[in-house]
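Single chain ahead, by itself, as structure tokens, in the form predicted on its own.
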């Protein structure tokens, strides 16, 4: 996925087409060509030709069934979200792909305002959104909206946790979250010399998150970063607020996951229930 090269291929009419699709994602699984043409202020036949071109670039997906309409691919939504970050003056250059998984793709980038950063493009929605079916006249809610909600959820959680051991969150647009670059490695990739101290540091952060009203929701060795300077906890799209339905069970699962990892990797014995009680009492 070469976003920089694709970005150069785009002209003003293409961006206007994508603007129109984005504005209507919440109402249509595939946005009708008539709406795209009208809102982009481009003739219908010209809009159709541009959409064919964008489809060839795998930026949009066009559909003829029932009615003629178009929607984003993951690549297209990410490109458009990057465009919004550029347009708002938050990003000035996009770099290489740093990592890609089932739920996100992460690129390094440069911002004149924030310096070297990372931009994370969300692929799928928050777990609780995956079964959501919001009926519309033209079909179910598109995955793009779920990815946008996922990015928004992570950005809001990071904002609430600023000052703690999480990346600084700078901006959110579409399925993209712009955040601080952390120079550290995932916990599962390294062998720490002081595992008892590291586990305690992680649990202390979980307690601080709880006091701010946030539960991570997917805590594991894969989203804890470590370096000589300390630890950071990342990846918050599945976070929930304290008080939401099921938050206590989610907190307990987070604590169990991380303690189980340290027991398996370092043979550290720690009572899960005592750790949870301590978090809730702090």
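These numbers come from a predicted model, not from an experiment. Numbering follows the first chain given and starts at 1.
Beyond the structure shown, there is the form predicted together with a small molecule, which is absent from this document and is the topic of what follows.
Is the small molecule in the predicted bound form close enough to 98, 106 and 182 that every residue in that trio has a heavy atom within 4.5 angstroms of it? Yes: 98, 106 and 182 each sit within 4.5 Å of the small molecule in the predicted bound form.
Contact label in the predicted bound form: residue 90 to the small molecule, heavy atom within 4.5 Å: Residue 90: no, not in contact with the small molecule in the predicted bound form.
Taking heavy atoms and a 4.5 Å cut-off, does residue 118 contact the small molecule in the predicted bound form? It does: once the small molecule is placed as it appears in the predicted bound form, residue 118 has a heavy atom within 4.5 Å of it.
With heavy atoms only and a cut-off of 4.5 Å, decide whether residue 254 touches the small molecule in the predicted bound form. The answer is no: residue 254 has no heavy atom within 4.5 Å of the small molecule.
Does residue 62 reach the small molecule in the predicted bound form if we count a contact as any heavy atom within 4.5 Å? Judged by the heavy-atom cut-off of 4.5 Å, residue 62 is well away from the small molecule in the predicted bound form.
Listed range touching the small molecule, judged in the predicted bound form by heavy atoms within 4.5 Å, from 64-72, 231-239, 29-37, 246-254: Checking each option against the 4.5 Å cut-off leaves 231-239.
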